[in-house]
Each structure stands twice: as C-alpha cells, then as structure tokens.
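Taking the form predicted on its own, here's one chain by itself in structure tokens.
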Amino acid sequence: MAEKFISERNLKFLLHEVFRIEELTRYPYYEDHSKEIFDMILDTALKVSKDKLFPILEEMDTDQPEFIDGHVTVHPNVRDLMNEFGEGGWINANFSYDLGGQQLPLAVVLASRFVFFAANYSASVYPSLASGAARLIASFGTDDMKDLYLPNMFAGTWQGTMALTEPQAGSSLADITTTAEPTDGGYYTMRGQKIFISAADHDGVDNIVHLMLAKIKGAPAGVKGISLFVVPRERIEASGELVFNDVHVAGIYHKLGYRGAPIVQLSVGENNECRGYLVGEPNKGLSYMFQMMNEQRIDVGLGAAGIASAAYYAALEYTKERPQGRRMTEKDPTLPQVFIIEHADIKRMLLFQRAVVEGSLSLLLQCATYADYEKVMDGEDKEKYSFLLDLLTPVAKSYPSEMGILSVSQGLQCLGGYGYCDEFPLQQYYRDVRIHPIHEGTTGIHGITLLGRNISLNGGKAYRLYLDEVTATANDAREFPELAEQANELRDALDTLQDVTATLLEVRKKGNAELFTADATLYLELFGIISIAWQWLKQAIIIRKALQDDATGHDADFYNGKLTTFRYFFDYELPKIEGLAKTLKKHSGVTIAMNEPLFSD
C-alpha cells in the first residue's frame, strides 16, 4: 500500500505561496506565530499521521465498532489517539488563549486536518467533532459550562457530538420532536430520539458531551422553537461524581464505509432522568448550531479531498509499477511492455484526480483564509470576509464531496480489476468517500441553500463580492501571455454564471418558487466548477511568477506538473458548465411534472 497520501510540497505551496498565510502574523491575534512554526506544525501532523493514523487504516475498516451490552466498543487505539490529539493541542488549536487554545490560523489547522483525514478519515473524525462541539460551548455557553466541559474536551478525554437528526426529521429540522421540559433545578428534562449521530457512544473516552437540538414545551412551531442543550452521557453532580444521564444507545448502524467511527441511534430520557442544560437563549438553538454545522461542512469537504488525495497517490504508485501493453506507435510485440502511466488515458485519469484534489484543497483553504481575516478585521472588511465564507461554504462542502467520489473511482479504474479487490486500498477509499455528499446536509440541500438563500442574501452583496474576487484573479492572470486564454475563459464562465443566475431569479420573481429551486443541485455544480477554475488560475499566476525566477530541479517539475493540471481543468472540466447552463436556462420543469404514479411499472 502506498505510504504517501498527500503532497507536502503542494500543501506548503498553497499556504505560503498562494495564500501567504504568514502575513496573518502582522495582526496582534496571530503575532506569536511564524512561518517556521506553521511548517513545524505541518511536519508534526505528517509524522503523527504516518506513525499513528495510517498504520491502522485497514484495521479500523475491518474491526468495526460493536454494540455490546448497551455500549459501543471501538478500535482500542481510539483512546490513545484521542489522548495524543489532546496532549498535542490539536483539538484546541484554533481557540483563543483565554479559552486555553493556541490561536492558530484556521488555514493551518485545516491543512493539518487534511493530512489527518487523508491518512485515516475514521480516526480523525473523533477529535474533529470534539473540537466543533467545544466551540459551540465556548461561543454560547455560560462560564460554568466552559469551566466544566472544555478542559476535558480539549484533553481528548471527553468526546463531543452534534445531535440533530431524528427518525422523522432528517434535513427538515423544523419537524424535530425531542422535548425539553424546564425544572426548578437549573436544568431541563429531555426526552426523544436521535439517529445518525457520529461518535455518540464509545469506549475511547470517559464521557460523551452531546450538543443537542430540542424544543422546550410551549415553544413556537418550526425552526423558531428550537433550542440548544448540552446533554452529557454522564452528568456531573455537585460532588464531582459522574452519574449516568439516561442517554441510552438504541443501536449502531452498519455502514458501507467510514466504518472506524460509530454512527449511533440514541434514546434520550427513557426513565425521565435525562438532564439537559440550555446553551444561550431559548429558541435560538438552530442559529447557534449553524456555527458547528458550517464548520463541519468545511470539514466534510476537507475529508473528501483528503480521501481522494490518498486514493490518487495509491493509484499513482500502482501506475508507475504496473507494466501493460506498448505505446500506440510501437507495433513490435517483442519490445518490453511499458508502465501504464505512459498511456494517455491513464494520464487523463490521474490528471482528473489531481485537478479535483488540489483544486478542492485550494478552495477549502481559501475559505479558511476568509475566516482568519474575518477574525482580525473590522467594519466592511470583516463583513466582506464573512459574506464570502457564508456564500462559499455549500460549494466547499459539496464540490469535493461529489467530485471526490468520481476522483476515487478514477483511481480505482487505474488499477483495473485489482482496484476492485481488497488487496489494494482503493476499494476502501471508494466506500469511505461515499458518505460525504450525505452527511452534514445532502448536496440537494446545499444547492437550495446556495441558490435559494446565499445568492440573494443582503441584497446579493456576497454574490457580487464573489464575482469581484474571481474577476480580479482573471485580470491579474492577463499580465501573463501564457495565461491570457484561460483568463478569458474564466471571464466567459462568469458571464455564463451571471446569465444563468439572472434567468433563475426572474423565475422566482414570477412567483414560481418550486421551479426556481428544482435544479438547484445543477446550479451548485456549475458554481463549483467555476470556483475550482478560479482557484486553479490563482495557482497558475503564482507558478508563472516562480518559473520566471528560474525554478530548477524538483521545483520546476512540481510547478510544470501543476501547470499541466491547470490546463487540464480548463480544457476538460470548465467546458462542462455549458451543458449545465443550457439545462438551467431551459427550466423545463420536467422533474416537477413527474409524479409518483408515473414511476410505477
């Protein structure tokens, strides 16, 4: 199995050359850090991944979590890994000093997490969830909550989760039925069911802290009546004793992939002894939870890109070692076979994978950089970065997730029949990556979010800011004759996007809301392709500048390899928007016209 699962050179290229992340250290919040510190962190992340995560990738897939005597057992290394991530400061890395964190830029944290996800996605989810849940408490909880929960969650001894989904309410959170009844004891009595909750019970930690959505009795109907609660598996008594909090495991799900982390069904308050502690104000829970949801959506995109990266390097290694056939120009059967990486179609598949992985990673780090600058800016600049991050979150989640499946599939195809066998890891990567378009909001939901909400939010300001950002990159690229063609193609793509968007908004103006969002998923796909083209052009500008400075040796190969991948994306992927645009502008309504009886045979 290939021991390489990411490109360290590309990761540092993106951080330092494209996004110049060390410029953040000019601001007081980040001034304690430096380029050397960022590189040391990435080097450590790679070492932890190679030593601790990657060696148990297959074991965690085959030795799945088990539901025994009402509790979930997981791979024995999970406890050691959680301790490792706690002691290493990975869980609290992006938190402020006053909360016990390290004030690292999110871009550096996500770069490290990308390495972890590529090495072993299932293992990396445990600390990632703990970090996200802890941030909800840090942002909206009381000081007592912070003192009680954060130290143990940061240490990796307590797990954090987000508990939203219910049997009758998947993406439709307005329909949740879990209830919270106030008491005079400073807590609420919780009762209900939650399903598909990642890491919601396991023996790799001492306690589980659920950030749970529920409705206080008498609350308004729909999403306006949702509140957020801390619901620990074991509550902490005044004496400091941990007492079971009536949070029962009803079962675990056996999954296609992502098998190393349990997905759990919870039964809450079977004995009316489950205590929940209100986070923030009543009926504002969904707005609070969106913080963790959006963080996790970026993580989902990052996880898909990480798995696709590992699959790419496994396929690349195989194609360099597998002899098969001869070049098309060689007819002599006595000549030795060539390695399959010499065949054009294999190179096409490898280029596709690299284009998806490195384009997706660039977009994800772009989002992280927006978040980092939002933290240190004021006024209009702060608003700008906030709007751009909000607009692009559905894209950063969905493009890597959907295209990651196709990317891993092409990696599997490179191996032929061997890719379909468990002798090689491609089949596991293919199973692992399939969850990403589903969890943290399906692609369909994110399409509706982008088209139905984000494009028009604040009078369309975020959308206009996005157009300005992409246009600025295209204008910068025109300074290089070698990039002028692609710069013009990106400008044309923006014109197509604006034309499609205006056409769809006209449909909404006429009052046909269903027709307006019927093909929102296609709109999201079109938007995603253009966004990745933008990121590749950004990279190409930096590469052109570097090559002008006479880069040599490995650096020259690296830059030229990326330039070829950049050209591939513009030649093979960007043209796909024309077909999407044609369908979107037609808005035929065929999916609306189709009804249930017509699906019968």
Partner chain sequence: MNIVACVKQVPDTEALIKVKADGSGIEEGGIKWVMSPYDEFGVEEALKTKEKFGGEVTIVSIGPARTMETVRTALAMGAEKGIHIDDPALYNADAYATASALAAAIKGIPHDIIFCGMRAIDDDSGQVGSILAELLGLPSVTVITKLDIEGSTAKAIKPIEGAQLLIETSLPCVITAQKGLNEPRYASLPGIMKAKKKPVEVKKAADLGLTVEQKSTVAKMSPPPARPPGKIIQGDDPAAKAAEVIRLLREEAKVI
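Residue numbers count along the first chain shown, from 1. On a predicted model such as this, the values are computed, not experimentally measured, just so you know.
The same protein has a further form, the form predicted in complex with its partner chain, not shown here; the description that follows concerns it.
Student: Of Gln413, Ser386, Ser267, Gln102, which one comes within 4.5 Å of its partner chain in the model of the complex, counting heavy atoms only?
Tutor: Only one option qualifies, and that one is Gln102.
Student: From the list Gly452, Gly89, Gly444, Gly225, which entry has a heavy atom within 4.5 Å of its partner chain in the model of the complex?
Tutor: Flagged contact: Gly89.
Student: Pick from 560-568, 44-52, 61-69, 530-538: which stretch has a heavy atom within 4.5 Å of its partner chain in the model of the complex?
Tutor: Going through the listed ranges, the match is 44-52.
Student: In the model of the complex, is there a heavy atom of its partner chain that lies within 4.5 Å of any heavy atom of Met40, even though the partner is absent here?
Tutor: Taking the distances in the model of the complex, the answer for Met40 is yes, it comes within 4.5 Å of its partner chain.
Student: Would you please decide whether Arg544 lies within 4.5 angstroms of its partner chain in the model of the complex, comparing each non-hydrogen atom pair?
Tutor: Taking the distances in the model of the complex, the answer for Arg544 is no, it never comes within 4.5 Å of its partner chain.
Student: Whether Ala371 contacts its partner chain in the model of the complex should be assessed with a 4.5 Å heavy atom distance threshold; does it?
Tutor: Answer no; every heavy atom of Ala371 is more than 4.5 Å from its partner chain in the model of the complex.
Student: May I ask you to state whether Glu317 is within 4.5 Å of its partner chain in the model of the complex, using heavy atom distances?
Tutor: Looking in the model of the complex, residue contacts with its partner chain do not include Glu317, since no heavy atom lies within 4.5 Å.
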